[in-house]
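Only one chain is included here, represented as C-alpha cells and corresponding to the form predicted alone.
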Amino acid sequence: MEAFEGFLDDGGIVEPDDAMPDAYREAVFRFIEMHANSELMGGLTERDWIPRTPGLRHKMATLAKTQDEIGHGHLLYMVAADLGVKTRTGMLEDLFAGRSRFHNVFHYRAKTWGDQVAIAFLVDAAALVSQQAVFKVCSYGPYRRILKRIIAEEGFHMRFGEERMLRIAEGTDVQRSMFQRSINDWWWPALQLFGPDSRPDDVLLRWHIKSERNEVLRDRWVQKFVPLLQGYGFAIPDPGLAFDEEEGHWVSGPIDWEPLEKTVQQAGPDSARRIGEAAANWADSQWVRDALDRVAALPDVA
C-alpha cells in the first residue's frame, strides 16, 4: 500500500488491468456506482416531467436532459463493471432492490415546474462542482476520462436551468412565488448533496479520487448561488445565513443533517415511490433482456 500510495501521490493513473489494492478497488467502485445510480435516478426525475413541461422548446430540452442523465448512468455502470466487483446487471438489481445508494436529491419529488427549474439550476450546479473536483485529480483513468464528457453535458444542463430561472425572475408574481417555494424546498437538499465535512482520514482524498474536502466544495457553491439568487430578488431559506464583512464571505447557518441520513437509509420523502417505480420498470422489461440473451446464444451461421 505504501508503494501504491507513493505512485498515486506522484500523479500515477490506475487502469482496470493494473494491480491495485483491494481497498482502493472497492472505494473507487463504490464511488462510481453511487454516481451511476444517481445519474439514472436523476434521469427518472426528469422523465416524470416530459408530458407536463410547458412549451415545445422546454419539452425538447427536458427530453434531451433525460436522455443525457440516463446515458451518463449507463456509461458509468460500464466503467464500474470493469473493476470486477459487480456486473452491470448486478448493480442495477441492487439499486432497484434498495440495496445500494444514490444521491439525496433524488429521494425528493419535483411537485411543480419551479422544482424542475430549481433542480437544473441548483442541483445540477452542485453535482457539477463535485464532478469537477473529481476530474481535476482522479487517479482512476477510465472514470476521469468519462467525466470529461459528463461534465460538458452537465454544464449545458446548469446553463439551461439558469436561462429558465432568469425567465421566471422576469415573469409574473405567480411565477416568482412558485419559484421561491421551489428554492425553499431545494436549497437544503442541494447543499446537503456535498455531504458533511470530510473526515481527516478520508481515503477518497488520500487516494486522489477527490481533490477537495466536502466543506470546501459546499462553501464554493454557497458563495456563488447566494448572491445570484438574491440579485434576482429571491430569498435564501437559511435563517442563519450571514455575510462576514471583514472576510467578504457568506457563512451558512447550522445544517440539519437528519434529512440526509434518512435518504441514506432509503427513507427520504419520495424514496419508496422512486425505487418502486424503477423496480417495476426493470421487471416489466425483463422480456427484452431475455430475448436479447436468446439471440446472443444462437449459433453463428454466417
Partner chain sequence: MRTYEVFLKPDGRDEFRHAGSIEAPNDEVALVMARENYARRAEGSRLWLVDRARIVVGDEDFVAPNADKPHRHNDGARVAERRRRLREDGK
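Residue numbers count along the first chain shown, from 1. Remember, predicted model here, so these are calculated numbers, not experimental data. Take the two forms, find the largest set of C-alpha atoms that superpose within 1.5 Å, and that set is the rigid core.
Only in words, not in the display: the form predicted in complex with the partner chain, which the text now covers.
The contact with the partner chain in the predicted complex, taken as any heavy atom within 4.5 Å, belongs to M78 out of A169, V85, L205, M78. Scanning R144, R220, H74, R213 against the partner chain in the predicted complex with a 4.5 Å heavy atom cut-off leaves one residue, H74. Look at 99 to 107, 182 to 190, 121 to 129, 150 to 158: in the predicted complex, residues with non-hydrogen atoms within 4.5 angstroms of the partner chain sit in 150 to 158.
Although the partner chain is omitted here, in the predicted complex none of T62, A279 and A283 has a heavy atom within 4.5 Å of it. Taking the partner from the other structure, the partner chain in the predicted complex has no heavy atom within 4.5 Å of any heavy atom of S252. Taking the partner from the other structure, the partner chain in the predicted complex has no heavy atom within 4.5 Å of any heavy atom of A23. In the predicted complex, at least one heavy atom of D68 sits within 4.5 Å of a heavy atom of the partner chain. Residue contact check for M1: none of its heavy atoms lie within 4.5 Å of the partner chain in the predicted complex. Along 280 to 295, residues L292, D293, V295 each place a heavy atom within 4.5 Å of the partner chain in the predicted complex.
Core-aligned CA deviation for A291 between the shown form and the other one: 2 Å or greater.
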